[in-house]
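What follows is one chain in structure tokens, specifically the form predicted alone.
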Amino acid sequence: MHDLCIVGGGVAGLATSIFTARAGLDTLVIDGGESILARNASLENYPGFPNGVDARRYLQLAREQAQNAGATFELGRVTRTERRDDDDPNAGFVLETDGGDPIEARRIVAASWSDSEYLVPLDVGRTQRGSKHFVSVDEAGRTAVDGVYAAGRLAGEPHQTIVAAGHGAKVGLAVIHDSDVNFYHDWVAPEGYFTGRGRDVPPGCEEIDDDERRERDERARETMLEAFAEPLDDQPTMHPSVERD
């Protein structure tokens, strides 16, 4: 059984998975296909990219980061979710997919804008706005059902990449907290930051010396130089209602 199953491999789901996987939770992302962000011609308002960035490249890098953190991915679409045991609220959940084997998970994060029909059997609380159904959540992304969360646009957050990423991270932290993982916060500190003051390194943190810092910086720069060495050949995905020659 997975500790967490994230339904949706877009920005919110990827951000959640980065945090939960780094915290040591067995995190599976069910990716239903291309993120809606792939329709963006140029991502212009994401901090850290002064002249913008190709949205599809950003998605590739975010997915790679989640995989490096330890998250695993499965391509498919979740069609139904239900409790493993109606008499035991801590027994976890079963997720049915279109053609795949059922998946068992202790917790679920729904990050699948704009599909939430698979949550109907759990009665998490959905609100219809026009043709869309949003999931009702508290400030940390928790739904009315213990162990079920929603992140990003599905949870009513604004339709912006930076907001989806931030909310996904916030939901990830809520999952970590509720999972009782020995976790403080995700922070890599210079050697001596804690121990130099006679303190133990807090859970979820680590200290690294200058050699390790330089090695990590070198790997990070190599990754980014390789990622941006050549332009991507693929084009933005047009809205399905638009006909293209």
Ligand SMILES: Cc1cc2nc3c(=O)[nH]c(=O)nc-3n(C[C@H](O)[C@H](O)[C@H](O)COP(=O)(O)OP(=O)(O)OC[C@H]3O[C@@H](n4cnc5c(N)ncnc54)[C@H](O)[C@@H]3O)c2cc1C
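The first residue of the shown sequence is 1; numbering continues from there. Note that this is a predicted model, so its numbers are computed, not measured.
There is also a form predicted together with the named molecule; it is not shown, and the following applies to it.
Remark: of stretches 129 to 137, 109 to 117, 82 to 90, 171 to 179, the one touching the named molecule in the predicted bound form is 109 to 117 (heavy atom within 4.5 Å). Contact with the named molecule in the predicted bound form, defined as a heavy atom within 4.5 Å, holds for exactly one of 209, 64, 34, 215, namely 34. Every member of the trio 9, 39 and 153 reaches the named molecule in the predicted bound form with some non-hydrogen atom inside 4.5 Å. Proximity of residue 28 to the named molecule in the predicted bound form falls outside the 4.5 Å heavy atom cutoff. Shown alone here, residue 164 lies within 4.5 Å of the named molecule in the predicted bound form, counting heavy atoms only. The closest non-hydrogen atom of residue 201 lies beyond 4.5 Å of the named molecule in the predicted bound form. Among heavy atoms of residue 43, some come within 4.5 Å of the named molecule in the predicted bound form. Along 87 to 107, a non-hydrogen atom within 4.5 Å of the named molecule in the predicted bound form is carried by no residue at all.
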